[in-house]
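In what follows, one protein chain appears twice in different forms, each by itself as structure tokens: structure 1 and structure 2.
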Structure 1
Amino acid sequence: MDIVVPVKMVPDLVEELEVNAEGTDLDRSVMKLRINEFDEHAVEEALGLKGRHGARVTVLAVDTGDVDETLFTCLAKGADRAVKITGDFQNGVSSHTMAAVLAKVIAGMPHDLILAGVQAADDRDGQVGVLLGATMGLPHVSVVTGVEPAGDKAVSVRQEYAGGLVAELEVDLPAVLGIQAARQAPRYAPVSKVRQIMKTAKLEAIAAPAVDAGAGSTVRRLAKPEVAGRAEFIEGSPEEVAERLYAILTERGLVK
């Protein structure tokens, strides 16, 4: 089975996000990027399938900046092939555009199963996986937590809904799945192994094909939410904070 995993880089949300002077986008010059956490789960699910059933795993990334280390890390974890899709993407790329680019690139390589992260922190115009499935005319299932082969030409997947309700669905291949969580927590590749792979392995580069797809909307304002009832902050030494919290809980009869 050939499994393709498109991964994308997103701003690290632990860092402070700076908005540009126009107030319409992030200030990309100061941004720290990391792999979308759900894509990490997609990679893990692919490697898990490879381990259990055998598969060839190809990881793809549109080069929006800083993708090399991420791709090498995927190789260090056990991916067979890592491909960087190059082009003018430094100012970010809409999900519709990314899906259209990926669709053309993936069409040219063997693909039985395409695993994408269910969503990413920046996909304002939709999630790449579902857009990719529709663009390629392939079936797609979102919010997937478990994938197992069901014969040669289908997989059995679990789709999660609210309240912990789960449906088991059978999906004909080729298909695109939006992975919510891998069967196991994503594996870790030691830095030494990543360094070594960087010396010995090569990333393949494919120039992005021209596409005619965009978000169909334009951001006119990007800003922190203005919230009416933001928290009242309790400050002081840990001792003082604990004292105040205790007082609040007592006042409300929550400590009896």
Structure 2
Amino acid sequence: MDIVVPVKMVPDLVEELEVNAEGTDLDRSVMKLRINEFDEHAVEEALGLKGRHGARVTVLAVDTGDVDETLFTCLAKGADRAVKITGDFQNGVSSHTMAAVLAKVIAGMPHDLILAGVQAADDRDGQVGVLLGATMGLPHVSVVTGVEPAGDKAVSVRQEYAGGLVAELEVDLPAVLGIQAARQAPRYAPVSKVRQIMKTAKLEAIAAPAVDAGAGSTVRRLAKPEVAGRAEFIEGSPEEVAERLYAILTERGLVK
């Protein structure tokens, strides 16, 4: 089985994010990036399938910045191949464009199963996995928490629903799955092993094909939230709290 896992670099939400001078995007010149959390789970699910059943795992990423170490880390964890898609993506790329680029690149390589993160921290107008399935004309299942082979031409997929419900579906291959959580926590690759891989392995580079996908939506203005008020803590007995709440709601015309 050939498994392809597209991974994406997203802003590290632990860091302080700044808006650019034009007010149209984050300031990417000072932004620290990290691999999308759900993509880490997609990589782990692929490596788990490889360990249990045998598979060839290819990890690829659009070069939006700082992708080399992430791809080498995936190799250190056990991926067989790492591909960097080069192009003018330093200012970010929409989900629609990324899906269109990935679709053309993946079409040129063996792929029985495509595992994508279910979403990303900076998704605005869609999810790459959903769009990738639609673009490639492949079946797609999202919110997946487990994958197992079901014969040579299908996989059995666990899909989560609200309220703790789980469905088990059989999906024909090739297919695209949006991974929410791997069966195991993403494995850790020691820094020493990553550095060794950097010395002995090479990343493949593929120039991004021309696509005309559009953005789906456009940001007109971006700004940090401004403090406009404060929280009021209401203390006292239940009767006093209820009386104060009623007074506040009445003052604001919410009750009569």
Partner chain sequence: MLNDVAVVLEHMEGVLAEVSFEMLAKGRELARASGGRLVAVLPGHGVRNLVDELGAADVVTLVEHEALAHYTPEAYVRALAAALTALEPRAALVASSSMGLDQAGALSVRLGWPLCAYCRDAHLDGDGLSAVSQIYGGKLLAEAVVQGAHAICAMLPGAAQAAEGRAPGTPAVEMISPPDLVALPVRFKRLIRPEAGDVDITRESVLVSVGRGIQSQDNIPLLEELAHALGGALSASRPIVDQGWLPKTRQVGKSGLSVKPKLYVAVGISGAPEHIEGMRGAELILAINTDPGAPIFDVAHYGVVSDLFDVLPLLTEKIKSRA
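One-based numbering along structure 1's sequence throughout. For clarity, a rigid core is taken as the largest C-alpha set superposing within 1.5 Å between two forms. Model, not experiment: these values are computed from the prediction.
In this comparison, the chain shown as structure 2 is the form predicted alone.
Here residue 234 counts as shifted, since its C-alpha moves by at least 2 Å between structure 1 and structure 2 after the core is aligned. The Cα position of residue 199 differs by less than 2 Å between structure 1 and structure 2 after fitting on the rigid core. Fitting the two forms on the rigid core leaves the C-alpha of residue 225 displaced by at least 2 angstroms between structure 1 and structure 2.
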